[in-house]
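Just one chain is shown here, as structure tokens, and it is the form predicted alone.
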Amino acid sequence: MTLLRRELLLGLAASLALMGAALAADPIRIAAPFNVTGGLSSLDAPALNGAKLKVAEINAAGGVLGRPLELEVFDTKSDATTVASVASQLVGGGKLAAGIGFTDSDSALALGPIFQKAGIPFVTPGATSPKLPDQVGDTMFLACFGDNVQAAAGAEFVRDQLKAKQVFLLRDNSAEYTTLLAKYFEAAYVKAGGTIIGHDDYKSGDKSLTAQITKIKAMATKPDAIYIAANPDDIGLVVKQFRQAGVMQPIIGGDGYDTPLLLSVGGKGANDVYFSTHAYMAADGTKPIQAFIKAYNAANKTDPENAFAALGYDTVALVADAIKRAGSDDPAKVKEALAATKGLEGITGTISFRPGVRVPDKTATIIGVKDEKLFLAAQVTPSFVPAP
């Protein structure tokens, strides 16, 4: 055996021993409630898969502080009562360094106060209400941009790219996410010089939007575009009904559209639809996105379903980085380290928190649909963002 080969073997043995020691140590526990089933599963399930992938990668590299990460996963079933019950179970089930979960603001708002009372930081991958940190308290962090940012990005895209001067605004009035998104879009669009020529509401789960569509078709002045604040389980059916009724103007919305249901249910009706989201998850994306797609496919036997998969991955990276900088899994120290995060590079962009602000400043991606396929329409950092 040559000296070089012997040194390489000794180094490999030492690395394996270190990894084995890390994995044998007490795990660092992170709560992970997600709506794996129910109406929000098309966003939450990919986010959870992304989180699991990052945990596996970190543990394969030796863990954090010489210890493995362990996700305590619970399916909250898109049900507010289950969300609150699971939160109590997680908080009462032993020491937690942090919690991660959800892609909707209502779930985060139902769970957040329980973690706040326990003093445990909670980071949401995709609940985009910028009000959450103030509503819940200093333990609540977002890994994503706020709805005021994506709505403002959508407003600038409608004005500058679609050249739409008049917009009809339709919203699902049953959720925090959709009501806030519509409010922020209107504020930003009017600020940009556009005109909202009509409003209407519907409720998530409504099977027919005939009344709303009839109202739009009967207008003497027709809108140049239609902004629809919709949840993921509804959007495919919504755009399909609009197109079948002959309403062919561009339809724009938020990251609730970033679900396979847009194309699988909407079909041709999804053409000329645009939405703001967190990253363009495609083979011609950035190199980090290409690497993420490859790793996600290897772990899940499918490409990432949407950007929420990458948000779940980035959220674990964010928490792990905070634990490492804190030098401890003590939740109070992890919270302080999270708040001090600067320049953490993720798949969905760079994460930094300004003093006293627990929502990162990130660019919004605009995706369009043509010939029933997604394409990158724009990257927008809005010049005006409505206050939360």
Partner chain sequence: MSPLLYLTQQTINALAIGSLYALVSIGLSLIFGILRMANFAHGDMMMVGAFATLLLVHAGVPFGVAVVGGVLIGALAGALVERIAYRPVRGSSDVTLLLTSLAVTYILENLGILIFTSSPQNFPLPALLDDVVSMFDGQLIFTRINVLTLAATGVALLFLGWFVTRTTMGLGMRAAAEDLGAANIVGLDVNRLIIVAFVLASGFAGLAGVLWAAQSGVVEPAMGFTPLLKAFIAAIIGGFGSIPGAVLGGFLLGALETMIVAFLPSSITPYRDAIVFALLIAFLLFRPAGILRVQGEAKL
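Numbering follows the first chain given and starts at 1. In this text, all values refer to a predicted model and were calculated from it rather than measured experimentally.
Form predicted in complex with its partner chain: not shown, discussed below.
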Would you classify residue 207 as touching its partner chain in the predicted complex, given a 4.5 Å non-hydrogen atom cut-off? yes
Distance check, residue 297 to its partner chain in the predicted complex, heavy atom within 4.5 Å: no
Contact label in the predicted complex: residue 118 to its partner chain, heavy atom within 4.5 Å: no
Although its partner chain is absent from this view, report whether residue 59 comes within 4.5 Å of it in the predicted complex, heavy atoms only. no
Interface residue in the predicted complex among 341, 363, 328, 41, criterion: non-hydrogen atom within 4.5 angstroms of its partner chain: 41
Selected contact from 183, 131, 191, 240, since only one has a non-hydrogen atom within 4.5 angstroms of its partner chain in the predicted complex: 240
Quick one: find which of 280 to 288, 137 to 145, 211 to 219, 91 to 99 has residues within 4.5 Å of its partner chain in the predicted complex by heavy atom distance. 211 to 219
